[in-house]
Structure formats: C-alpha cells, structure tokens
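Before any questions on how it binds or moves, here is one chain, the form predicted on its own, in structure tokens.
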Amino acid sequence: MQGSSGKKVENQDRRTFFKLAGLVAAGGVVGLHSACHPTEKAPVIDTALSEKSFWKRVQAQFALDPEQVYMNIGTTGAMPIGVIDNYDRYNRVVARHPMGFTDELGWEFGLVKQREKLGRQFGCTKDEIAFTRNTTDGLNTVLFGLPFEKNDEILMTHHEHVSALSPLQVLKDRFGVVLREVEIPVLDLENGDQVVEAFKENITKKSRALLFSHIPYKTGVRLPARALCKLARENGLISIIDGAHSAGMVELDFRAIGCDFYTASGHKWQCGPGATGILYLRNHGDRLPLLWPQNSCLYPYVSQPVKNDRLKINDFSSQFGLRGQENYPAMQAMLDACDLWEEIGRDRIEGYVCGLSSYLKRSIKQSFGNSTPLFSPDIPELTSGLTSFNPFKDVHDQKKIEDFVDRLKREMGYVIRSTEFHLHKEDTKSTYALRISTHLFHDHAQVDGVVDAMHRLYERMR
C-alpha cells in the first residue's frame, strides 16, 4: 500500500473514546468522561465481527441524510456523530472558560502532545508536523517559504489543483520562477513507472522542485509518491506533495514516502471539521531545504535568534502552528476523527475504500460497456476512492455533465460532482467527467444503486 511502511514510528499512546466493540446495535457512540479529555483506555476492536457487521458498525457512526447517498467526499467529508458531539462540547468549554479552556482541554503552548499524537499516526515526530487550516494553507506555507529565485524550475503535473497553481503563479509573476508542466498518462496508464519517466524526461539543470498531487482530484489516480520522491532526491530536487485526497483514505507514513513536504486536509477523507489540515515538514536526514516561516507569530523567538538555521532549531514545526488565535475545538475534533481512524485501522480503511472503488469501476464497465472511458485506473497500486468517467459520446460537453450531476441528485438522490481536465497538456478543449467518491460509510448496495441510477438517467439523456 502506497505510503505504508513496515517500520513506522511506534504509536505508544493510541488514546480514544470510541469503542466499536461496546456500541449498541443502533450504533451509539461512547461519549467523553466528565471532563473533555479522551479516556486513557486503549481502543478495543471486536475482531470477531464479520467484515459486513464490522463496517455496518462503522457506518452507523455517521449522521448522513438517509434520503440521499452522499458520494462527494472529494469536496468535503462528513464528521462522525461522536466527533460532532465532542466538537460542540469543546466549543462550550471555550465559551465557558475563554481564557482557561486550554487547561480543561489539555492544550499547552506549542501543542506538543497533540503534535506528538498526530506524528505517531502519520509516521513522523512532533518537530515535523503542524496543524494547518487546510491543504491550501499548507501549500502556501511551503511554496512562499522556500527561497525560489528567477529561472528556478518547478515541475508539476498537468492536473494540479488551483490551491497549488495559485501560489505557483504568484512565484512565476513575482520572482520569475519557471513552471514546467509534466503530462501524466490518463487512458493509457498501466503502471507508475510511466509517471516517473514523464517527470524524469523534464528534469533540467535549472530544476529546483518537484510538486505533484498524491491523488489528483481530476481523475482520482494514485501517483507513485515514493518513486517520485526518490527521483527528486536523486536529482537534488525538493519534493512537495499535495495530499488533499489521501489523509483518511490511504495509510500514510511520511518518512517512508521520503518527501520533503506533505500537506493534507482534515475535512475531506479524514472527516474532521472544516478548516483543519496537516502539514509535514521533513526535519531529519540530510539536505534539509531552507524554509522561511510564513504567517507565523514565532519567527523572532524560534528562527531569528539562530538566523533561520534549521540545525539549531529544536522544534522546527512549532513556529508554523502559531498564527494568532486558532480554532482549538476544531483541531481537537480533527484529532478525535484521527483517533477513530486509528482504532478502525488505517490499513483496513484503505483496503475497504479502494476495494469498494474497484467494485464501482468494474460495475461501471459492466453497465455502460467496456468502450466507456474510465479516467481512473483499476490497478491496485494506482487506484483510490475517487472514480471519474464519462458515458456520453461527446466528452467535451460541459452542460450535459453538469445537468447529469444536478438531475442525479434531484431525481435519484445521489450526490456526486463533475470535474474537468485536459487529457493531454496541449489539448485546447477540456474533457468533462462525472466523479464519484466511495468511502468507509458506503457499502456495495449503495455502489450498485448509484451505478443503476446513473445508467437509467443516462438512457434518458443520451
């Protein structure tokens, strides 16, 4: 599994207050003790449950509208019931003790314990991880913090999100940085080596950094992150990963991936509150990139005294997490969601989500025919919980795809979204597609349902 490692940073403290084994049949959630601290008891999973029963228990933790089937996690996820309840409780604590809530919530200056816990879950240490407000916030922190100069080249795929493209364009206009688009295969993608080779062919003496989405939102392919970061290291390049669609979907070990920077969302597949995210900043090993703090309150106290020398900064990531008043209840609630994911098992979640996605892809082919373009590969190491395809003959018809998404929701009760991209970077017309997200709160019956609904609607609209 991409990003997993046999030698993870050991998790000695997997605290949680969710106990799947102790849930009632209706799927209730164990609440907090009298204070707002999670319980000290280790998580208990009833491994004797059948897979179907186990996932039914998990799915009962969500408060999704039963009148709809929500399949657009790529835009935003849905908080579990227990996370919602605790988020509300944390906000009430802050309202009751505006200047003393940190004691009751167990928060201290620098969020040391919180970053330690988060780091253990993602294969790193506290000095390498920081809370952010979302993936965009993390990308801006990294891209505007690196000392790029005129004619420095940054390599990226031709399917990057505007969250990366926006700061990249600022660097281009402000400093004269050169942006080099690398075309990644879509319909003819068979293995990760093709993606690595595409980047390799575009590296020049002026190349400075390599940026890519671990899972591009346009198609849902999972790019070979480890291999691309290895390529970057071999060529002296900085590696920057947009992981908006990976945290909470696939198991991640940042050190094992080998990247310099990884930024991810807390509100999408991790199902935490809005405006939460994760930023990994490699702080061990050689050739650590110089990074200037952006939007930070601690530079005069942490970096300036040692002239921003990373080797002399004890807790490097701390200065990227204090930016004035923060939404501490949201951060704590995101940690709660992470704890639940740990209890379920991130590898187990990855297997379920990607297995369900593979089932969806095969079902689409069976229903719409093998000639229907599927833009997301059904290849184990390249698949994700995102599936995009277009059943219509004219893949450039934007209105038909948008009308399809709207009618599927109004008439059939399935919530998906549309997406657009260039199959080839030199294309002058955009290709449009339907994008369906499958996550841990879905099951095979819902996949069957959405495929059937899409096919019936397709027959009416073609």
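All values derive from a computational prediction rather than experimental measurement. Residue indices: 1-based, along the sequence shown.
One more form of this protein should be noted, the form predicted together with a small molecule, which is absent from this view; the next part is about it.
The small molecule is not drawn, but in the predicted complex it has no heavy atom within 4.5 Å of residue 323. In the predicted complex, the small molecule lies farther than 4.5 Å from every heavy atom of residue 120. Looking at residue 90, you'd find every heavy atom of it more than 4.5 angstroms from the small molecule in the predicted complex. A residue is said to contact a partner when one of its heavy atoms sits within 4.5 Å of a partner heavy atom; residue 223 fails this definition for the small molecule in the predicted complex, lying far away.
This chain is displayed alone, yet in the predicted complex one of 208, 126, 161, 233 has a heavy atom within 4.5 Å of the small molecule; that residue is 161.
Residue-level contacts in the predicted complex: of 283, 363, 114, 134, one residue has a heavy atom within 4.5 Å of the small molecule, and it is 134. Against the small molecule in the predicted complex, the set 141, 144 and 171 makes no contact: no member has a heavy atom within 4.5 Å. With the small molecule omitted here, the record of contacts in the predicted complex names 240-248 of 196-204, 326-334, 285-293, 240-248, defined by a heavy atom within 4.5 Å.
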